[in-house]
Ligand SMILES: Cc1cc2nc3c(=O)[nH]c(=O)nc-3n(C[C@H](O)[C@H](O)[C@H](O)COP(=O)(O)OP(=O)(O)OC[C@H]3O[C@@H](n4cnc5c(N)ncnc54)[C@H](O)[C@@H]3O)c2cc1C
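Take a look at this one chain, the form predicted alone, written out in structure tokens.
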Amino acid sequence: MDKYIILGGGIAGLATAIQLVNAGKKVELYEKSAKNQSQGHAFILMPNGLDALKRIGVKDAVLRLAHPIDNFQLHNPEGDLENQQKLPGALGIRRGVLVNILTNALPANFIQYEKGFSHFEKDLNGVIEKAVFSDGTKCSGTVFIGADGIWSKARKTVYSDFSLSPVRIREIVSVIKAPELVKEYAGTFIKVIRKSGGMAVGMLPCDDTHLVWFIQYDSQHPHLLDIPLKEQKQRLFQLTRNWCHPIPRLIEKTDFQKAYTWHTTDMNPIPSFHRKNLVLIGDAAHVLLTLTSQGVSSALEDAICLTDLINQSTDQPQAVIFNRFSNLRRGRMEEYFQLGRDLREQFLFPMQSIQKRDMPLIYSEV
């Protein structure tokens, strides 16, 4: 029987482990962070992600703790509604909540924490025999699944010369307790975009009392160049202080010592999501621009696609299964890559793309 070693205990790794364990596979899961360590902020989960969670068997638990998002609204800084669309089946949810739900769907003490992946040991044919961790420990397996995120070391095993490219858009993300704003904006994802481009504020409820909000901005903005991060934050808030409600209220209620600054990255689709007995999923396989709002949902789709192929193709060679997975998922991700880049150009240079104005997120029910 194959032994599956999953590197990374984030959402993609957890979802994959659940599906393999439930199918009776031999699985081990290794996560670099400590148990109960801070688990990020919050995000919008698209319907394709919720469909994946239904397949995993945790949809009801997610619905109890998430906030339904039924509507997306696009405003200008003066507060005028410029566009809107329905978002049936979308949710706002805190990342830590989803991680806990998925963790609880696995056997007790299943995850091995504080195991940061370092490198692989291979045989003479390049087949991986062992994963080596930063503390010097090793584990052996027959199949290795790289779910170790954006800065994936597993990816470098597939493509050693691969690198991520920085892009101009940065984000400051915060989760705040604001039940009055959750009530006022229940079920709504709001985004306010400056007409001249290069700056936007977004907000959505992620449970009954909290909401996540973010500022996206062009790092080459003339008022934000070459100043320290702390001053960047102050300058950003000066630049948005006259924007419509509820943006001043969000700023007032936020502890920016707990805010997260995200330097967005871009990547070209890698030729394949696997090599030999290693397969990549989630951000390890494909880093999407945050403008797409599809990072988590796509990672969950990866987990379902891969485990379906493994569980349903017991008589197929491993290489055939992984190649099919790579072809299926790479085609979809190429669409997301291109749409994300279109959104990026519209965000930075709206006057150059005035004839093509997409809604600033990628919605998928597939």
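In this text the structure is predicted, and so the values were computed from the model without any measurement. Just count from 1 along the sequence shown to find any residue number.
The same protein also has a form predicted in complex with the ligand, omitted here; what follows describes it.
Out of the listed residues Lys130, Lys153, Lys191, Lys276, Lys153 is the one that sits within 4.5 Å of the ligand in the predicted bound form by at least one heavy atom.
Proximity to the ligand in the predicted bound form, defined as a heavy atom within 4.5 Å, holds among Arg95, His221, Arg249, His75 only for Arg95. The chain is drawn here without the ligand; in the predicted bound form, the stretch among 183 to 191, 79 to 87, 240 to 248, 277 to 285 whose residues come within 4.5 Å of it by any heavy atom is 277 to 285. Taking non-hydrogen atoms only, Gly141 never approaches the ligand to within 4.5 angstroms in the predicted bound form. Mapping the unseen interface onto this chain, Ala17 falls outside it, with no heavy atom inside 4.5 Å of the ligand in the predicted bound form. Not displayed here, the ligand is approached by Ala42 to within 4.5 Å at the level of heavy atoms in the predicted bound form. Not displayed here, the ligand is kept clear of Ile145 by more than 4.5 Å at the level of heavy atoms in the predicted bound form. Contacts of stretch 290 to 321 with the ligand in the predicted bound form, defined by any heavy atom lying within 4.5 Å, are made by Gly295, Val296, Ala299, listed in sequence order.
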